[in-house]
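Take a look at this single chain in structure tokens; it is the form predicted alone.
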Amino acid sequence: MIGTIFKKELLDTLRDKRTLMTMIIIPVMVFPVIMTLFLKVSESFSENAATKTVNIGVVAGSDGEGFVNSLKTLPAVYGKRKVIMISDTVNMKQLIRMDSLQFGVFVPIDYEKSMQDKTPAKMDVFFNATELGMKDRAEGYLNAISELEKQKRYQELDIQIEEITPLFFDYKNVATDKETIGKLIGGFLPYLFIVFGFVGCMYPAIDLFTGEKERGTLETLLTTPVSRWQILVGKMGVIVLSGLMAVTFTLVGIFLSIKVFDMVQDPRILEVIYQILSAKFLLMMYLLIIPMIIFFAGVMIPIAVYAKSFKEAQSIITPMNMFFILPAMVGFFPGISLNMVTAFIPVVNIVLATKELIAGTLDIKLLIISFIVMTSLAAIAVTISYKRFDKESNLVS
């Protein structure tokens, strides 16, 4: 009976365009396209920022000619630039706000004297923080000039750089490439699983309960010689399968992004990604995700059963996504790892466990605790769903 109900509801669900969009089309097609466009736009902005001619305003008297010449004659590797002499800092600040200048430098009147006396010269640098990347360009130019002046002083004082460098540090990374990638970007994958898994469950849950109430077909189903719990399990099976399919097609979308759209071209990173997407990884990942998807379904069904219309159910369930997205964002924060505390926090434990799984540093004990916690919550949610579904007043609109 459960199998019959499952097949019937699955066919009805697959006929729904909204479900197919959230379960297959969006994860497989939209994700790679969006990521491709995002990377292309980012590359375009980066290239424009790197090749853009930077207008540099300089307020300086006759003593600042040496600095201006140094700024103009820097190697081409520092990018195109145009040095514009400005009369005062008030005018310079206004031009920076208007983006006529990208940044400005005030050269003190005792600049040449400071260079001769080998004392520091304080220079004011003006920039607009809303212009991303311009402060870095300014630091690049000015640090280069500062380094040139240092070299001059070393030569005049007959000092070798090694003589005033007491320590030299050679940093060696003990983490593998897999661990590094897992820790740095591993939080992105479970975040996608939670978002698409939730949305993948949402539309089938609303349609199979609230939708049937609106269409008047739920009463007909209840008159059949089938137990309530069998009907619930059959419908819930379709909801859980829809969520899992959304997660699966998200993985397919990521694979297409890497394989077809060539988003990742570094062979070292590609090798690590292929190591991560192994059969063992997928098995353990689904072990974590299945109870979470069942929990999602168990949370949605009571609302879908109670709601009087599709619109009402959607307006209640959709904002609930934020309750799961916010914990999922924990995976983006550095320094937070799976431990005996975070393993007991719902959703957070799944995110951190997946992150550790990607890095290859997952503790099996913490995995078991996370699995038990989410399975327990899923069982509670299913029990609540059954109690709400078993109440006659909730089923008759």
Partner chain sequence: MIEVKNLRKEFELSKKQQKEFATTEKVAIAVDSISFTCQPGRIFSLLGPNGAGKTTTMRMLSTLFQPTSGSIMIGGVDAIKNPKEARAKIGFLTGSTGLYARLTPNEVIKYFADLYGVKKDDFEKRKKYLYDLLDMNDFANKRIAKLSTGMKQKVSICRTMIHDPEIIIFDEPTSGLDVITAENIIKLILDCKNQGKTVIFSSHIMSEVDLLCDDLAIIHKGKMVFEGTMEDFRNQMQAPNLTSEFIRIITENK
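Since this is a predicted model, take the numbers as computed values, not measurements. Residue numbers count along the first chain shown, from 1.
If you look for the form predicted in complex with the partner chain, you will not find it shown, but the lines that follow are about it.
Asker: Answer yes or no: in the predicted bound form, does the partner chain come within 4.5 Å of a heavy atom in every one of L11, G216 and T224?
Answerer: The answer is yes: all three residues contact the partner (heavy atom, 4.5 Å cut-off).
Asker: Only one of 130 to 138, 109 to 117, 224 to 232, 283 to 291 has heavy atoms within 4.5 Å of the partner chain in the predicted bound form; I'd like to know which.
Answerer: Of the stretches listed, the one contacting the partner is 224 to 232.
Asker: Just to confirm, with a 4.5 Å cut-off on non-hydrogen atoms, which of T220, S100, S87, T73 contacts the partner chain in the predicted bound form?
Answerer: Partner contact (heavy atom, 4.5 Å) among the options: T220.
Asker: Would you classify R15 as touching the partner chain in the predicted bound form, given a 4.5 Å non-hydrogen atom cut-off?
Answerer: Within the cut-off, so yes.
Asker: For a quick check, can you give me the residues of 334 to 368 that have a heavy atom within 4.5 Å of the partner chain in the predicted bound form?
Answerer: Result: empty, none.
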